[in-house]
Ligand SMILES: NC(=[NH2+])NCCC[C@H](N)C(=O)O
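Given as structure tokens, the chain that follows is alone and in the form predicted alone.
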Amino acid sequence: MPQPAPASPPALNSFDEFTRLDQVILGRAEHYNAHHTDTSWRLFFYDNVAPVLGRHANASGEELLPIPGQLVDELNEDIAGLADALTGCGVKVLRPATPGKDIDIRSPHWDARATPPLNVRDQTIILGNTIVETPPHVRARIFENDLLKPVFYRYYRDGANWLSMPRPALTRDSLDTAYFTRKNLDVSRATDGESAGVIEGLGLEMVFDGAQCMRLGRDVLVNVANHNHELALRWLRDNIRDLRFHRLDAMADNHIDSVLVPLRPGLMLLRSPAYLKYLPKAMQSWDVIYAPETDDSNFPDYSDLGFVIPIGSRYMDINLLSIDENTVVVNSLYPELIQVLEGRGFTVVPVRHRHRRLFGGGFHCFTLDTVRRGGPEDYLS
């Protein structure tokens, strides 16, 4: 069973995904009552939303897709259950500030309905004792980290380092579609009707999410699927010189935490054997648990609620959170994975999470682990 957290809170320290977790930031979903479906959103979630884009009114200019209030209430119930489970495991749970209202934001080049700080893994990477804020793909998320700043300042006052990648302008020409064009996919339905402005001479920008990384002590795996990501990888290498950043060549379009989960040194959870080839050679010999198939009945039926887009993939429940090398928090609605992990000797803490596909995040996405007991070990040497 998990050990109790230390009596005195330690400073920021998080080098990996699996050593004993002591402190974590857990996201909030208040005022998550619509998806702002502009071009940046449609491109980011393209693999999942492309089949239904033509059925949504945004083709005629409407960009706010309402989310039924019942689903937001149920999401908040499930987040409260996750908070209770983490606290019960001896983990100190920190929360972002609460957005007080629906917030419409505007830059000189575009406007959007702001997204609340739910998937806090996306806009930040914790690298040892350094907070690294990342430049989002989705315009609606550009100010999301403001609500995490009260927590970040606490760690900064206690001695943490704090860096931010350059804030992107996210203009009409900022986002690279190369990942899709290499696959001969037509993204015109995602880019038609783009209303954002242009900055002459700017072109493709540094755009990147923290969830494109997996941390393994001194080594950090970085998924790079386009030029936006290449610029971010260069920035990481230039500014964090004591870690080794390993380029994964288009393992996914962006995030990889529903593809790959290191469970402990030498053991990982992987979506399928097809993804082994993307990993560093030293990882390709690790023991692998392949994610079992799940039944469609494990996902909610939204047919009675009108038009609802599932922005996350059906593999979202791979997105688990480790308490330590033997204890994991898993969606109770993925019994197939729970059975497999328990068969491998893990203690599984089941927590219900119903609307993971609608809100595009699992337990790893919803959390940002700020204090783990591991250090800069050489797991890939």
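Note that residue numbering begins at 1 and tracks the sequence as displayed. Please read all numbers here as calculations on a predicted model, not as lab measurements.
There is another form of this protein, the form predicted together with the named molecule, and it is not shown here; the text below is about that form.
> Could you tell me which of 338-346, 33-41, 311-319, 325-333 sits within 4.5 Å of the named molecule in the predicted bound form, going by non-hydrogen atoms?
That would be 311-319.
> Given that the named molecule is left out here, which of 255, 113, 215, 137 has a heavy atom within 4.5 Å of it in the predicted bound form?
Contact residue from the list: 255.
> Counting any non-hydrogen atom inside 4.5 Å, which residue from 233, 211, 91, 251 sits next to the named molecule in the predicted bound form?
It is 211 that has a heavy atom within 4.5 Å of the partner.
> If you check in the predicted bound form, is residue 229 within 4.5 Å of the named molecule, heavy atoms only?
Contact with the named molecule, no.
> Determine whether any heavy atom of residue 271 comes within 4.5 Å of a heavy atom of the named molecule in the predicted bound form, and answer yes or no.
The answer is yes: residue 271 has a heavy atom within 4.5 Å of the named molecule.
> Can you check whether residue 368 is within 4.5 Å of the named molecule in the predicted bound form, heavy atom basis?
Taking the distances in the predicted bound form, the answer for residue 368 is no, it never comes within 4.5 Å of the named molecule.
> Heavy atom to heavy atom, is residue 223 within 4.5 Å of the named molecule in the predicted bound form?
Answer no; every heavy atom of residue 223 is more than 4.5 Å from the named molecule in the predicted bound form.
> May I ask whether 48, 119 and 360 each come within 4.5 Å of the named molecule in the predicted bound form, counting any non-hydrogen atom?
Every residue of the candidate spot has a heavy atom within 4.5 Å of the named molecule in the predicted bound form.
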